[in-house]
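Before any questions on how it binds or moves, here is one chain, the form predicted alone, in structure tokens.
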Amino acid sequence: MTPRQTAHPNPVIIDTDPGVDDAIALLMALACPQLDVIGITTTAGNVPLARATRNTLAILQHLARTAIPVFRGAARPVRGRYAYARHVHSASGLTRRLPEPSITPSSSNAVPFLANALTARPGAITLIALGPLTNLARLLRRHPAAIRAARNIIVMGGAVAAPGNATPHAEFNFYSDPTAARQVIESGIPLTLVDLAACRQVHVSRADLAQVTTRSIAGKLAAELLSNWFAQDASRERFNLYDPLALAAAIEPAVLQTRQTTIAVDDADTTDDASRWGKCQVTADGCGPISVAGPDGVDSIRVHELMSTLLDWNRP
């Protein structure tokens, strides 16, 4: 079963900090007939803002999708500085060098773009946040009605029912800007949270990747990014599909079975213990604005089918 062709694809805006898994999610989105990517906003996180923006533009140019506008967002979190994840994604964020893009980002900033786009089409646009939530927190603070006008908000972040990957308590995106995460998650705005417990159910192994063949430009780039990621460290045996799972949920919400919760996020306003910043605590289970998928709520088979179809990945 493949993503169905639709006469009116769903408009989406992707907020991202590429990053290998962000790049794969972007490649999937750009190949999906059900999605109309009307804009991409960038944030620092995995890499500095300039590099995240450059990587986004380079991917668009590589796929000849240069008409999609890119808007620069946050270079710093609400407080402090981003930690970056060069040790995971490489210094450039991508494990394959793409040519310097000839296209440039918009002169407008991410927040005005988000505000204008969402208010112009209330209830129509899905916002997919793959990096730290700094841009969304700024949008919430400056244009609260705009973010509430989104059709849906899908956030990859948090460690609700699993250990963290940045600290024992916190997932990387929430740890990178815990105050932004707290402001968005505790705002009362309905959203779908794709946390680490769910993300760890879907992965690509080194052995599986070695069998992949493809003739598509997007599929080849995704395979090269992952192949190079494995080559950087001989001990790596699997790549968790964090951001691709969030993207899959935007295409087919049924890949996640969620429960409603209310969640609090720790930051410098709630604790002096910096090791706990970004920690998620469920304050009400069974009710609340946050839809969370647990580890048993992920249709990993369907996610792999979607990914393989969109990237034209074939396995023997």
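The structure displayed is predicted, hence computed values, not measured ones. Quick note: we count residues from 1 along the sequence shown, nothing fancier.
Not pictured, yet referred to below: the form predicted together with a small molecule.
Enquirer: For the chain seen here without its partner, which of 239 to 247, 94 to 102, 145 to 153, 109 to 117 has a heavy atom within 4.5 Å of the small molecule in the predicted bound form?
Expert: Correct option: 239 to 247.
Enquirer: With the cut-off set at 4.5 Å between non-hydrogen atoms, does Phe71 touch the small molecule in the predicted bound form?
Expert: So Phe71 does not count as contacting the small molecule.
Enquirer: Does Phe172 make contact with the small molecule in the predicted bound form, using a 4.5 Å heavy atom cut-off?
Expert: Contact check for Phe172: yes, within 4.5 Å of the small molecule in the predicted bound form.
Enquirer: Do Leu136 and the small molecule come within 4.5 Å of each other in the predicted bound form, heavy atoms counted?
Expert: The answer is no: Leu136 has no heavy atom within 4.5 Å of the small molecule.
Enquirer: May I ask you to state whether Asn165 is within 4.5 Å of the small molecule in the predicted bound form, using heavy atom distances?
Expert: Close contact exists here: in the predicted bound form, Asn165 approaches the small molecule to within 4.5 Å, heavy atoms only.
Enquirer: Name the single residue among Leu130, Ala222, Ala181, Ala198 that comes within 4.5 Å of the small molecule in the predicted bound form, judging by heavy atoms.
Expert: After the contact test, the surviving option is Leu130.
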